[in-house]
Structure formats: structure tokens, C-alpha cells
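One chain is shown next in C-alpha cells, namely the form predicted alone.
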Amino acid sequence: MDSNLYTLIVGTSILLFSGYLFFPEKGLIAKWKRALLNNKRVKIEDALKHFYDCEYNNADCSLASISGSLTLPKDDAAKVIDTLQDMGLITNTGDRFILTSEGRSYALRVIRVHRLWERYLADETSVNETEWHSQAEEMEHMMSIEAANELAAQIGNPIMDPHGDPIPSTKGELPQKIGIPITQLNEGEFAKILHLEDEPSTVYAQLVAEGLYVGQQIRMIEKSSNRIKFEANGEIAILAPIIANNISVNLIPDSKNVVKSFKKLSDLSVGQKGTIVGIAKAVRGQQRRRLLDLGVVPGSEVKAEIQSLGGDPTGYRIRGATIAIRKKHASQVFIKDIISE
């Protein structure tokens, strides 16, 4: 090969490689720096959320709790805490760390994005409920607060996420925590589920597998140091107390507000309507997702409109559309407030 040509090829290769490394914004070095900054930002925002959760739940934050929450070695967690202090986002009171007003505002912005995105996933997509939290964990670091506000307007400015957590307002306001753990109910008492804790994911997956959801009526049947047994929309659920403590409820003191027995969607005659209160936990996987996608969700009004010649399936009017549901599936949907027109 001609030496001049060889020199030209080598020189061009070096220039191209240098460009690949050092090109502004798109070069490998620029991308690497952005990745480092983004990773640092994620740690900062996750730490702020942890501090806010401690504050909201009247718990103390410590180096150990930060290390555990962020799954970081204590030395790295200490560096994150130092960074937060240098940024004026937390302060040390001597025996514990607390958020400054700036830190609290920042944390609430991140929490607002997270919970709005969970609400969006729950109401507008077919994403499984066990995936809402993990997807929102990613989006909270990517979506601007302006984009979050636009999303909020698009989905009707919700005030609660699908787990029962309040969504911070645009002004950074958040209601005080309400409700009691289900384990504090006495046997025979009725209550409604206010909140299902979605962390850790393994615990939340167990609650979902039991068919539990926010707004569901429950009745305490039996409780001991080994198990909590209660009725949820007519079905029995049994949980270990450590799992049950992830459920917050609101006591129903007036028996007039208690639904004594639940009817099934299959009980509706043509012309009758009712309100959906839940789907049997026996309905799982694709069939459960299909019903949810069709609008068979708690709170939706449903009306039996037409029945096939053979009597099965029946056409039900839900959320402005008529859908056909077979009797074996309709018998696994609970309803209340049946009205004949």
C-alpha cells in the first residue's frame, strides 16, 4: 500500500475516532458525562423521596435508612447526604437529618410526577398493576414538572394515585396521612381500603394476588399473631400480620353504609343496572386484563341491555359502550345498588 494512502487512512481513522469520543453533545465522552450526571441526579431525587417519606410517616432518617433505601454502601450513601447538605436540601439537627423547605419542595415535585404517572398507567393503559410503580420510578426522573402538569390536566387533575396515596398539588400541598392499619380493626367491624402500600414490590404483588384494591369494603373476621382473616367483597382473604400492615383502612361506623351482601353481574336482568365493586380474585391474567380494559372497574355503572337468543352472552352497557360478557365471567364480577328501569 502506498505510504501516503496509508497515512491518510490512519489519520482519517484517528480523526473519526476522536470525533466519536469528543464530539460535543453526541460524542462518547459527552454521553458518559451525561450518564454520570443523570445517575447523580437519580440518587439525589431518590434520597429526597426517602427523606420525605420518613417525614410524612413520622420516622427518623439515618445513614443506614438511606443506604438501605438507595441500595448503596454506607460510604456512597454518606456522599449523597453530603451532596444534599451542600445543596441546601437537607440539614442536620444533631441527631437526625431533615428536609429544608427547598428540599421538601423538590421532593414533592418528584413525588407528583411519580404518582401522576401511576394514575395515568392505571386509568389509560393496560399495564399490569404490579408494573405501575417500577415504570413511574423511571419516569419521575425524566418528565419535567411542566409535562407532568399537562398530563394531570389530560387525565382530569386526579388527587389520588391508584394505591390511595395523595398526589401533591401544583403548589406542593399534600394532605395529612389518614386511615389505620387493617390489623387495628376489631372482629366484626367493617371498613374500606384507603391505601395499599406498593413497596416492597413482593408484598404489593401478594396484595394484588388477593384481589385487593383501594375502595374495597372489608369485614374483619379473625385476627391473631399468626394471621389476619377478613372478607373482601364477599371473598375470604388470609394474610400474615406483617403483610396485612401494608393495608390502611377507614372504619365504617354506620351500618347503613355497609353493603351486607354483594350481587353478581350475572344477576342483572335486561333493563337493570348497578355499580361495579370488584372482580373475583379467581379471575387472573389475560381474562382479568380484558375485563379491566373493557371498563369493568370499581365505580363504573353497568346496565344489562340485551341478551342473546340462547341466553348467553349478555350485552352490558359500560362507559358508553356495549360489550358481550359470558355468564361464567359475569358471575365473577361483583355489583351493588341494583336498579330496575
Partner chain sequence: MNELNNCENCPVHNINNLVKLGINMDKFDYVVALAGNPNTGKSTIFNNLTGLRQHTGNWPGKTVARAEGGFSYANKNFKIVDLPGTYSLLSTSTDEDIARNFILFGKPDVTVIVVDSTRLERNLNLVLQILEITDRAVLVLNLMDELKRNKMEIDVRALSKELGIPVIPTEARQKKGMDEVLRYIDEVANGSFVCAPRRIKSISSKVDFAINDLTIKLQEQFPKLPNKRWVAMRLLEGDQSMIDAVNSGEIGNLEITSNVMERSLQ
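All values derive from a computational prediction rather than experimental measurement. Numbering follows the first chain given and starts at 1. Heads up, when I say rigid core I mean the largest set of C-alphas that superpose within 1.5 Å between the two forms.
Heads up, the form predicted in complex with its partner chain isn't pictured, but that's what we're talking about next.
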I'd like to know if R289 sits close to its partner chain in the predicted bound form, meaning any non-hydrogen atom pair within 4.5 angstroms. yes
Please run the contact check for D293 against its partner chain in the predicted bound form: heavy atoms, 4.5 angstroms, yes or no? yes
Is it the case that A209, even though its partner is missing from this view, gets within 4.5 Å of its partner chain in the predicted bound form, heavy atoms only? no
Could you tell me if P200 has a non-hydrogen atom within 4.5 Å of its partner chain in the predicted bound form? no
Counting any heavy atom within 4.5 Å as contact, can you tell me which stretch out of 154-162, 67-75, 137-145, 238-246 lines its partner chain in the predicted bound form? 154-162
Taking the rigid core as the reference frame, is the Cα of E55 displaced by 2 Å or more between this form and the one not shown? no
Could you check, with the core superposed, whether the Cα atom of V302 shifts 2 Å or more between this form and the one not shown? yes
Does L292 move appreciably between this form and the one not shown, meaning a CA displacement of 2 Å or more on the superposed rigid core? yes
If the CA atoms of V296 and A205 move by 3 Å or more in the predicted bound form, do they move toward each other or away, so closer or farther than here? farther
Kindly indicate if, in the predicted bound form, the C-alpha atoms of E210 and R319 are closer or farther apart than in the structure shown, bearing in mind the change is 3 Å or more. farther
